[in-house]
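So this first bit is one chain, no partners, the form predicted alone, shown in structure tokens.
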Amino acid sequence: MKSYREELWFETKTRRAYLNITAHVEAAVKKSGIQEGLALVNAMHITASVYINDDEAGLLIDYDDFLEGLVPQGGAYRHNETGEDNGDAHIKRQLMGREVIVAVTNGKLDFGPWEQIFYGEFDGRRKKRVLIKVIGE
């Protein structure tokens, strides 16, 4: 068994953003040389997410509208009493998830129809890291 590790860094100009990172993960799988195994893609910050869904512009807007309706940025959060203003971002991350694991088959990500990997940013404007770890043979 072998493993390969790579980091991605993002610094969005907006507070919330949804970035398709599938090509980055595919490139890491290729660099790894692993043919059969698993790829872990993990947001390494508590106000960011990695998730899988369809890359359709309307759906990305729907996600943002849903999350903002459920957990509005301007809401009253006890966390914000500490001097922070990102209580909503912590909750949005919990809803969208921390990481994804995708099977690697014949050296490629083994997706279902339309599946893509996204980085979800809920408190942007500073540098954040995503870890890719590919494990297998």
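Sequential numbering from 1, following the sequence displayed. Just so you know, these numbers come straight off a predicted model, no measurement behind them.
FYI, the form predicted in complex with a further copy of the same chain isn't displayed, but the following is about it.
Worksheet item: Does any heavy atom of residue 74 come within 4.5 Å of a heavy atom of a further copy of the same chain in the model of the complex?
Response: Heavy-atom contact with a further copy of the same chain at 4.5 Å: absent for residue 74.
Discussion item. Whether residue 98 contacts a further copy of the same chain in the model of the complex should be assessed with a 4.5 Å heavy atom distance threshold; does it?
Written reply: Result yes; residue 98 sits at the interface with a further copy of the same chain in the model of the complex.
Worksheet item: Closest heavy atom of residue 129 to a further copy of the same chain in the model of the complex, within 4.5 Å or not?
Response: Taking the distances in the model of the complex, the answer for residue 129 is yes, it comes within 4.5 Å of a further copy of the same chain.
Discussion item. With a cut-off of 4.5 Å between heavy atoms, is residue 79 one of the residues that contacts a further copy of the same chain in the model of the complex?
Written reply: Taking the distances in the model of the complex, the answer for residue 79 is yes, it comes within 4.5 Å of a further copy of the same chain.
Discussion item. Need the contact residues for 86 to 121: heavy atom within 4.5 Å of a further copy of the same chain in the model of the complex, sequence order, or none if there are none.
Written reply: Heavy-atom contacts to a further copy of the same chain in the model of the complex: 90, 91, 93, 94, 95, 96, 98, 99, 100, 101, 102, 103, 104, 105, 110, 111, 112, 113, 114, 115.
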